[in-house]
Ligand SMILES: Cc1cc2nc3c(=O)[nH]c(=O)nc-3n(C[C@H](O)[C@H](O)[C@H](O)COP(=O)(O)O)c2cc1C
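A lone chain, given as structure tokens: the form predicted on its own.
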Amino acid sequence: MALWPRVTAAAPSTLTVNPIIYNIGKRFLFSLDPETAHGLTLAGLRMAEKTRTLSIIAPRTIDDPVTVMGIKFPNRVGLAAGMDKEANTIAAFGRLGFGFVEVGTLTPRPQPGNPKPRLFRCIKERAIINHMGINNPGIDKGVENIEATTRFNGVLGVNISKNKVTPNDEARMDYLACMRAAWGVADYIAINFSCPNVPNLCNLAKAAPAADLLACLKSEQANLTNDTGRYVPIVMKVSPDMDEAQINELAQVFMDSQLDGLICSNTTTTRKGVENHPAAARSGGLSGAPLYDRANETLEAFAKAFKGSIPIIGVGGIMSGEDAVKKIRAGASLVQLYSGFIYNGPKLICDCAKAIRDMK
């Protein structure tokens, strides 16, 4: 576990989510610009956690401990990166019942992201188009926020990437800087080299540059483990927009490099399922229900190639407990939520964790 101070949370609420309060809040937030609503939601969660009133909307926490990558997770349901970009709402998300929280993406230097508007809802389709561009306060501020976190007793992942202005042939230096900074506070470190909102970033996911980057990261992982006496797993987050040949090539790279884990998958640049929505013409990655089948196909392909040698975190389009179970059956060891959490609220966390726990 990470070395930053944690205080075990008080016993979580055994109440189910109050549907009246949740629906009123959702209607208000969905009346606002999506990015404004996002900021207000996180601020509200932080305030509710600070004042110990989060139990008003908190679902019943599901205990279903499992060990993956040598880490004991309280349950198999986590928060995907992109929700807590500044790493300052960790304890609140933990109180909502997530077994693990992944913060970021964080880059070496702060960056503002792409011009606004850059976040769009496709409500009927239960989807989101995100062109944020990895806006974040930088790794040093992110780590400072993590170190200031109390009352969180779950597993913490720190998602990192290169700055937009850093050329791909210098990307390794950015990833190394973030990895070193996050080492003391992270339970695992996720490498984002597949975000479609950073020009040319996905070129790093071709076999040769991916092998080069991973070799560099694994070498530094060994050095840091020797220096600190603790091992922090490295996981890579892949795109769903790959053909079979690229998946097989990357799978071989990951196995040869003894990668600790894989996150499958990032958002898609396709617009299948939202073709007729006005936001479909916007640039950005599509997440939510329309991504589900495509993400599962990619997950199944990597699981087939790995044959159990590398654990997979399944993410993309989970909208129900049944969806989460299908990810596990497709080969995932853990799952993450993002868009489904936005559309369905905290109850989805409990539903997914319970469905996985009780699956036959």
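The first residue of the sequence shown is number 1, and the count goes up from there. Predicted model only: the values in this text are computed from it and were never measured.
Not on display, but discussed next: the form predicted together with this ligand.
> Considering N130, N75, T89, S239, which brings a non-hydrogen atom within 4.5 Å of this ligand in the model of the complex?
Going through each option in turn, the one that passes is N130.
> Can you pick out, from L96, A80, A171, V235, the residue that has a heavy atom within 4.5 Å of this ligand in the model of the complex?
After the contact test, the surviving option is A80.
> Tell me whether T107, Q111 and C202, taken together, all sit within 4.5 Å of this ligand in the model of the complex, counting heavy atoms only.
Answer is no for this spot.
> Using a 4.5 Å heavy atom cut-off, indicate which stretch of 208-216, 149-157, 258-266, 271-279 touches this ligand in the model of the complex.
Only one stretch passes the 4.5 Å heavy-atom test: 258-266.
> Examine L54 and determine whether its closest non-hydrogen atom to this ligand in the model of the complex is within 4.5 angstroms.
Outside the cut-off, so no.
> With the partner left out of view, is I310 within 4.5 angstroms of this ligand in the model of the complex by any non-hydrogen atom?
It does not: once this ligand is placed as it appears in the model of the complex, I310 has no heavy atom within 4.5 Å of it.
> Does A177 reach this ligand in the model of the complex if we count a contact as any heavy atom within 4.5 Å?
No.
> Any of the heavy atoms of L119 lying within 4.5 Å of this ligand in the model of the complex?
Yes - in the model of the complex, heavy atoms of L119 and this ligand come within 4.5 Å of each other.
> Could you run down 173-192 and flag each residue that has a heavy atom within 4.5 Å of this ligand in the model of the complex?
Stretch hits: a single one, N192.
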